[in-house]
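First, one chain by itself in C-alpha cells, the form predicted alone.
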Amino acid sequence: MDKKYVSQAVLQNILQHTDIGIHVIDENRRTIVYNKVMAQLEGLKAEQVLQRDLLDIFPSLNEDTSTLIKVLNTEKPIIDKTQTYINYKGQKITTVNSTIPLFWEEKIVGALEIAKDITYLKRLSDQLMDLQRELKCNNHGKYRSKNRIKNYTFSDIIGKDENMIKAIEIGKRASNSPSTVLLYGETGTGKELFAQSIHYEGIRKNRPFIAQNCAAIPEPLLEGILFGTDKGGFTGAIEREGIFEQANGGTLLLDEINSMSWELQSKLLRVLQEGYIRRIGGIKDILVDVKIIATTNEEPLESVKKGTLRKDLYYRLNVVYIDIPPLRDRRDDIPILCDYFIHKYNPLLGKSVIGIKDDIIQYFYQYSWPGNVRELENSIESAMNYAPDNRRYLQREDFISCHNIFKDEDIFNLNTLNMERPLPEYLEEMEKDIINRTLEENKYNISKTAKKLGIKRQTLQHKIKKYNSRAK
C-alpha cells in the first residue's frame, strides 16, 4: 500500500478519535475536515458540512464574525477565544477555540479551528459566581455568620518549630497591613490556612475573603471569573461581576499564581498598580480595594527563572514574603500534630484513641512526608478508621493504607539482622540509604543535602558517585 495513503488513513483516525473538535476550510472557504467531536458540538452531521461553503452552512455568520474566514483573510491566528452559542440542536455550548492559518510554500491554503468543549466548567464557574454574589447579598456585607464554615485563625496553626513561629509572627504583622503577601510552601503545608488567618485576624476580618485556585480553571474562563463580564464581551456573555468586585474591601487569595498565563499576569499587575479593573467587554473602570495574597508551591525565584512567574509581578507581590516550612524540617512538631488530629477525629469517628505507639512515632520521624501536614492528617484519619473501637493507642496494623511510611521498616532491624556479610558492607548499605533519603528530602540539591548531613559538598559528591545516587 502507498505510504501516502497509509499516512492519510492514520491522520484521519487521529482526527476522528481526539477529544477536541476540528474544522478545516480551504482557501475557497469550503470545509475539507470536520471531525465527530465538532459535529457533536455544533449539532450537525459531517455530510451536511463537508465540501460546502462555510457561510452556506452557517448563514448567521459573515466575514467579520466567522473566526475561520477572518483568519483566512488576515492570515493571523486567533488563540484561546471563548465562544458561547446555541447549536443546531438548541443546546447552549461554551468552547475555547483556537484558529490558525494554514500555509503551503508561503501561500495561505486554508484555516484550521480546534474547539475544546468547556460547557460543564463554564456552568460550574457561573454557579460559583452566582453563589458568591448571593452570599454577599444575603449577608448584607457581613461575611462572618454563625452558620458559615469555620474560618481559620493563627490559633489553628499547630506547632512550636522556630521557623513556623517566625512565619506566624510575620503573618500576624501582615494581617493589619494593606500590603500584598506572597506565600511559599510545598503542597500540604497549610498555605490557605495562613491566608485565612491573615484575613480573619486582620483589619479586614468583617469583609469578604475569596479564594481562587488559578490552576483549576481554564485560562479563558479565569479572566472572566477574576474581572467579570459585560454584555457583548463575547457571544453569550452576560453582565456579571468578578471576584475582584466581590472581594472589594476584603481579601482575595490567588492560589498557584505561577500557573497563570503571562498575559493574565500582566493584567493582574496592572490592577495591583492602578487599583481598578475593567470587565471583559466593559468600557468603564471600576475601583477596587482588595488585599491580595498569592501562593506558590515552587520557590518564587525558581518560577521567575523558569519563566512561569513574571519578574515584575513577583516584585509587586513580594512585599511581605512568608516561607512555610515543610513537615520534614519541623519533625519535632509531629507528636503535637498527631495528638491534635487524634482529638479532632475521635468525636467524628466515635473513637477514644489517646495516642500512638512509640515505634510508630519513630517511623514518622524518619519519613520524608512529601504531602506534608495534609499527608500526616490523612494517615491519622485512615488509621483511626481501621482501628478497633476499643483501641487506645494506634498500632502498626492500623496504618493499613500507609505503605510508604513503613516501606523500609525491615532494612536495618538490628534484632533480626543476619550477619552473613562483613560489617563494612552493612555500614555502607546504611550510609547509602541515609544519603538517598536525605537527597530525596532536599529534592536532590547537593548543597542542601551536604548541609543537612554535615559533610562537605566534595565528600557528598564522591559518595554519590560511589553509590550511583541521583543528584542535581
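Heads up: residue numbers just count along the shown sequence, starting at 1. All values reported here derive from a predicted model rather than from experimental measurement.
The same protein has a further form, the form predicted together with a small molecule, not shown here; the description that follows concerns it.
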- Of the options Tyr152, Phe209, Phe399, Tyr314, which one has a non-hydrogen atom that comes within 4.5 Å of the small molecule in the model of the complex? Tyr152
- Between the options Asp329, Glu241, Asp117, Glu192, which residue brings a heavy atom to within 4.5 Å of the small molecule in the model of the complex? Glu192
- Check, residue by residue, if Ile25, Leu41 and Glu113 all come within 4.5 Å of the small molecule in the model of the complex, counting heavy atoms only. no
- Given that the partner is absent here, state which listed stretch (360-368, 218-226, 154-162, 257-265) has heavy atoms within 4.5 Å of the small molecule in the model of the complex. 154-162
- Task: May I ask you to state whether Arg374 is within 4.5 Å of the small molecule in the model of the complex, using heavy atom distances?
- Result: yes
- Heavy atom to heavy atom, is Gly188 within 4.5 Å of the small molecule in the model of the complex? yes
- Message: Taking any heavy atom pair closer than or equal to 4.5 Å as contact, tell me whether Tyr200 reaches the small molecule in the model of the complex.
- Response: no
- Using the partner position in the model of the complex, report whether Cys338 sits within 4.5 Å of the small molecule, counting heavy atoms only. no
